[in-house]
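Just the one chain here, the form predicted alone, laid out as structure tokens.
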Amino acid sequence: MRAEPAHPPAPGAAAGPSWRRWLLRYEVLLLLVLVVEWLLFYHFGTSVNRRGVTVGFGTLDRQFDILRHSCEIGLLALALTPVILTGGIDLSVGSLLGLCAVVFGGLTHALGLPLPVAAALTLVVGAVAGGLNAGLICQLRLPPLIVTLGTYSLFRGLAEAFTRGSVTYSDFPAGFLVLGQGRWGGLPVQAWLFLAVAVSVWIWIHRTVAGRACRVIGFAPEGARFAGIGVRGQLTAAYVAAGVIAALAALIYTSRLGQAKADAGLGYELFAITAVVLGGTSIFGGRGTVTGTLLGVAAIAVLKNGLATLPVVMRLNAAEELAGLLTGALLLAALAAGKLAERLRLSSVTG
């Protein structure tokens, strides 16, 4: 007996579930959280002084400060996105930022090299450091967590050794300081550099074969090898790119503060990893988007800067402590919301 063909869906029947799936995307939910977060700080962190001038979170200067202060962490988060997509981790990016900062300071002050040459050599140092991580992970098959935990201490120790723990390089030329303190086209200069890196990483991850290979490696490394994917090459590219981007972040950090010291970027790797995971990238690899990472960076940047404008927090002088506490809470809430959204999407498909 021949089975009857299935009835075609009624016109427009799939539109509802399709819109529901789109609205329940993790990035959309995170964007809503970001908007609510910004509105709350705008309401409670903005005031008008006696002269009738708006001060606090709602000012344009404060928004520019958010862009400036989030650029280095944002770059590190972009650097970590391909790495985490492959199922790896890089705990050394913050320490590498500090090492590259003092290397740049030493090249310009101690050796007297021209700024472009010193900047190029600093990027080379970042690439070599990323290559060291990749070599230990790919050639010796060591766990990325252990390798980068070791280089985390190694890079910071080298920075301390180069500066003897006390030397701070300053008095950089005004032309270099524009990179971290100036504006171009109405926006901070580093925002344009950040945008260029973000677009480049987005194209790499979402529009190239190499980007798709990162996801495959994260899902199943052995399966990727059997499929003919050059796992070592892809991992090396991810870690070397992370090193170069960390070196670029060091240049921007040095320009923004006008000084280079060994403790530059201390703790930045934790905020960067949080931003990536908050943006929906699986810590086990194989799933994630650059858009989600950017939203995660924005959420953390707004939280850190917005807390400093709340009157109660200003009186207690506890902005940094609360930022760490609420960043963890925001991460847990976002993970729970993502899990709930995944269940709702499955129910919408099966129902």
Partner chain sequence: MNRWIREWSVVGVLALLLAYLAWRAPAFFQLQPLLSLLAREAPSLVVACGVAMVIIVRQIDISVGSQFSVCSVIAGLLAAAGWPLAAVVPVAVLIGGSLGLVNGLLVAWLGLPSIVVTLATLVALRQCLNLVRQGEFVNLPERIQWLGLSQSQGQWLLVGGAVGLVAVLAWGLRHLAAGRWLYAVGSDAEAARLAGIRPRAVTLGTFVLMGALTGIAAMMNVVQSPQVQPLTGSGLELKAIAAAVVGGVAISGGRGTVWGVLAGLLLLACISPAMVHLHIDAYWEKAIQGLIILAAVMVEGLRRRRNHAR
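Every value quoted in this text rests on a predicted model; they were computed, and no experiment measured them. Numbering follows the first chain given and starts at 1.
Same protein, other form: the form predicted in complex with its partner chain, not shown, and the subject of what follows.
- The stretch from 204-212, 123-131, 138-146, 106-114 that comes within 4.5 Å of its partner chain in the model of the complex, counting heavy atoms only, is 138-146.
- Across the proposed site, G150, E160 and I283 without exception bring a heavy atom within 4.5 Å of its partner chain in the model of the complex.
- With a 4.5 Å cutoff on heavy atoms, V277 counts as touching its partner chain in the model of the complex.
- Taking the partner from the other structure, its partner chain in the model of the complex has a heavy atom within 4.5 Å of a heavy atom of G165.
- In the model of the complex, its partner chain sits beyond 4.5 Å of every heavy atom of V33.
- Contact check for L67: every heavy atom lies farther than 4.5 Å from its partner chain in the model of the complex.
- Along 234-250, a non-hydrogen atom within 4.5 Å of its partner chain in the model of the complex is carried by no residue at all.
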